[in-house]
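What follows is a single chain, given as structure tokens, in the form predicted on its own.
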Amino acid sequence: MILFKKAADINNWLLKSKAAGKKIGFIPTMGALHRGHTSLIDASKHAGSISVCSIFVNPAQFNDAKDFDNYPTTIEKDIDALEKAGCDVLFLPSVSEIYPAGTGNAKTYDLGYLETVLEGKYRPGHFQGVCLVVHRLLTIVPADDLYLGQKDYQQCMVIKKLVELEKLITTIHICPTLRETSGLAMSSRNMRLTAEAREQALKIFESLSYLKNNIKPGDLTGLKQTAVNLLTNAGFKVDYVEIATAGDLDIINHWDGNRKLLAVAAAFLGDVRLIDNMLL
């Protein structure tokens, strides 16, 4: 695995690879890697691409400075995991390398409805920061294919919107959420949970499963409230449990029995905020 720290160096190397007929598969991450991340590398390798992973904890997407400070950093373990997964290239930039002019006059992206609901509502500015870093990364890494995990469903939709807005020539692949055998969605934030809290965290999966197993056409408000109560009674501080259309995240309270739906949840367990989703 080749490691680059400078944007110009990795860009030059990758452009030469593309000129030689190679495809570039890109997996942007914030580190603290788990099997969900390496499954994205597997998908890229399966496509026969040069697999490029970036590790960069992006300060622009944290609306809570304490959350940024507490984000887990495990760089040596991450490098080992990437080598074992067969990653070809690792980009490990500094903040000044990603934002050489700072973020004071950063571009604003017109994300429309996506920025007003769910994560957009509860983490104001978050998706602008996501777009800022992904746009910058895609100017450095000339990716043919971008691999993302379904666990961050709304973020995937935002990045799709970014690619459309900026007319970027990159194909997005959304790969299934990987889960522990218990059902808990793999997440870097799980590292901050105690063994007891990890058991508690299963209630998010259980609440989404409850929605999936009990949904039927008609009014959904009672069903959603029961799912919220499951989490509240288990000690969570709930931001939301919602049912939305899978195509555009339109939150609905009444289902016609035909539209494809997604259940989404976000809740705090202590000071750790967990999110998950499930196609219904």
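Everything numeric in this text was worked out from a predicted model, so none of it was measured. The first residue of the sequence shown is number 1, and the count goes up from there.
The form predicted together with pantoate (PAF) exists for this protein as well; it is not shown, and the discussion that follows is about that form.
> Would you classify residue 133 as touching pantoate (PAF) in the model of the complex, given a 4.5 Å non-hydrogen atom cut-off?
Yes.
> Does pantoate (PAF) get within 4.5 angstroms of any non-hydrogen atom of residue 155 in the model of the complex?
Because a heavy atom of residue 155 falls inside 4.5 Å of pantoate (PAF) in the model of the complex, the answer is yes.
> Is the gap between residue 32 and pantoate (PAF) in the model of the complex 4.5 Å or less for some heavy atom pair?
Output for residue 32 is no: heavy atoms all beyond 4.5 Å of pantoate (PAF).
> Does residue 49 reach pantoate (PAF) in the model of the complex if we count a contact as any heavy atom within 4.5 Å?
The answer is no: residue 49 has no heavy atom within 4.5 Å of pantoate (PAF).
> Would you check whether pantoate (PAF), in the model of the complex, lies within 4.5 angstroms of a non-hydrogen atom from each of 28, 58 and 61?
Checking in the model of the complex: 28, 58 and 61 are all within 4.5 Å of pantoate (PAF).
> Counting any heavy atom within 4.5 Å as contact, can you tell me which stretch out of 109-117, 77-85, 192-200, 125-133 lines pantoate (PAF) in the model of the complex?
This holds for exactly one stretch, 125-133.
> Since the partner is left out here, which residues of 79-98 would have a heavy atom within 4.5 Å of pantoate (PAF) in the model of the complex?
Residues within 4.5 Å: none in this stretch.
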